[in-house]
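Below, in structure tokens: the form predicted alone, a single chain.
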């Protein structure tokens, strides 16, 4: 137990010391600012619209626009916790200190989950606070949360998706070992695939889109959404992402040579 705790502490120090961690967190902040700007312009347009036109406005949920980008940036932190060591060759020293590879990967996964959960909660709360400030007492359909308590499931679900994405990024990094390949794959999964899904026929759009990471958030939160999974199904899908990513990462990390 002490070995695992010491390894987790060491991995926490490593991830804090990576310059890429601060850079990706800054990327998340930029995504939040851009999302806030889009929301501000939307509110201005809404205020200038007629009463009839206001009924046609979609829900101004900032997490729909900003959180996929936040999830990518935070997921990249999880990926870099592995790929940076293969790039620099420091993975050899890490394995000398912790020869049990699954313990090392488990410690990295624990830290990735911690970073993903904390960052996801922080960014989703920022998105919600920004939206509440700008939306004020404007009614539905623009305002998705008549009371602030109505936003709690959305905030929690968005944070969970960011956490899962960070762990998935770690698993992909353990499999691919290349920063470029891992970030490209992660970006395709989180940012490109949801866009691609919109070009599919409606039936396949719903089937394929329902299992994509960014689209799990509204399904985890429940309420009105176009996707097919129940809350329990969304929980199972999120768990499947974690199990598959970490399982593949553990097999690759445990069996392949580190060179």
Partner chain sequence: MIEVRELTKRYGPTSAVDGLSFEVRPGAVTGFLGPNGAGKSTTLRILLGLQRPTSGEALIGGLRYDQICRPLRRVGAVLDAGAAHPGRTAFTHLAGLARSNGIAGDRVTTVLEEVGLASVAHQRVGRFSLGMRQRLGIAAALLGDPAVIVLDEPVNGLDAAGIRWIRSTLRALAAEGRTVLLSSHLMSEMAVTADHVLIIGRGRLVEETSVAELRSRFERDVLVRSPRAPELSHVLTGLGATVTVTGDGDLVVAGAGAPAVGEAAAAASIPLHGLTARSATLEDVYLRMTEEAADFQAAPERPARS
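Positions refer to the first chain, counted from 1. Note that this is a predicted model, so its numbers are computed, not measured.
There is another form of this protein, the form predicted in complex with the partner chain, and it is not shown here; the text below is about that form.
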4.5 Å heavy atom contact, residue 90 to the partner chain in the model of the complex: yes
Given that the partner is absent here, does residue 95 sit within 4.5 Å of the partner chain in the model of the complex, heavy atoms only? yes
Taking 4.5 angstroms as the cut-off for heavy atoms, does residue 178 touch the partner chain in the model of the complex? no
Would you classify residue 236 as touching the partner chain in the model of the complex, given a 4.5 Å non-hydrogen atom cut-off? no
Looking in the model of the complex, is the partner chain within 4.5 Å of a heavy atom from each of 14, 18 and 101? yes
Just one stretch in 126 to 134, 80 to 88, 152 to 160, 182 to 190 has heavy atoms within 4.5 Å of the partner chain in the model of the complex, so which one is it? 80 to 88
